[in-house]
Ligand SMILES: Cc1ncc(COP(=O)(O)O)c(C=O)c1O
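Next up: a single chain in structure tokens, the form predicted alone.
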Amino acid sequence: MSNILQNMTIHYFSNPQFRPGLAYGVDQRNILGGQRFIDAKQTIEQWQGYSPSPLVELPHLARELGIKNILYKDESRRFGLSSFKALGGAYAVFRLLLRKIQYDYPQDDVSLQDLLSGKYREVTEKITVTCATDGNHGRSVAWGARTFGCKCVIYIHSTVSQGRADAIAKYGADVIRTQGNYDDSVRQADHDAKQLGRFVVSDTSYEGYMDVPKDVMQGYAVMADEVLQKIPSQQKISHVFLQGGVGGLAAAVTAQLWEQLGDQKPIFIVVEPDQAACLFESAKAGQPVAVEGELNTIMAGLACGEVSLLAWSILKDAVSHFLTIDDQSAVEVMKILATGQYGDQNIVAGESAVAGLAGCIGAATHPDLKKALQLDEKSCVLVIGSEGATDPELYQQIIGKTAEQIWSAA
């Protein structure tokens, strides 16, 4: 048994609601997939700078863990925003503006190029989109607002770094810092939007707010589709370890693979920081529950205390196990990837990018959990490297090198 992350603190819960034989049906497609996914994919593929993000093999690390292979979906350079979130928030901004234009001009067949050219600027420039963020989603919404011609106000909570705030502001958004945690900033953004006539573009769903988060997750699902297009037909993904947060990423990837692979779908496992484990606690409770407190984790993009209701509708049936990991293990996995410690390619991975991989390592090095998850020498694991150095200063403090230095050594 490998001694990687031998001091790791990992907890797991076997999901009693898991329904392995459930087909992907109407209820699921009302949330994700079907024609709405096809529309999202076709739109995003037309954006300037689009290309599928790399799918990197980590065979040496896999061998160290006693499994066949690890596939790492590297989102560290997506659209120059360094995060998978670029796929979701910006697409949801596009969809919102499209609906508003079509309401004012019902006779027009409005296209992506119309928005990019500013043809309907007299409509879009009067619209202000807004959301709360830990950093990456707000950057995507701000980028989408600038790209498609509307105004933007982004809320960040008390522990979001100044580096992440600056990265949002550079796309022309007004950035407002609030007291409290991420969920407090979500409520503030929603309250102010109602008072000031703004339009919330959130990556989390809650009672009375469901449509826009579906668009966000349709964008995220493009990642999973890219994976399916990339892997050889004879190679089967056996397991997917997905980081939690509000659940949007996990639900989007799970839904796309579930819909496309049917009964050949892999085993899905969700991984969260032990200080912000709302999905883990919801699985234990059998229903969505909130985690209170500061949610103080280095995995800033996963510092969420309340579950997205739409995401939960997908995950509760499809995920077999929920895991939590400690912050130090995430730091160690960042270093393993940056240095190519076991002989694999050097990879730039931010703090929130590595939760899934850390969960995989923890599962593979804990005999009881490895057995429970059916991990063995035949297993091919997919993980989503959801961000790069989204806070360059913090990344350099942790790794001792910049992202550019890591890439140059790859």
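In case it trips you up, residue 1 is the first one in the sequence shown, and so on. Since the structure is predicted, the reported quantities are computational estimates derived from the model, not experimental observations.
From this point on, the text means the form predicted together with the ligand, which you will not see here.
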Heavy atom within 4.5 Å of the ligand in the predicted bound form: which of Gly144, Gly301, Gly88, Pro273 fits that? Just give me the one. Gly301
Using a 4.5 angstroms cut-off on non-hydrogen atoms, would Gly305 count as touching the ligand in the predicted bound form? no
Does any heavy atom of Gly248 come within 4.5 Å of a heavy atom of the ligand in the predicted bound form? yes
If you check in the predicted bound form, is Phe84 within 4.5 Å of the ligand, heavy atoms only? yes
Does any part of Ser140 reach within 4.5 Å of the ligand in the predicted bound form? Heavy atoms only, please. no
Heavy atom contact within 4.5 Å of the ligand in the predicted bound form, the stretch among 365-373, 26-34, 64-72, 379-387: 379-387
Of 133-168, which residues get within 4.5 Å of the ligand in the predicted bound form if you count heavy atoms? Asp134, Asn136
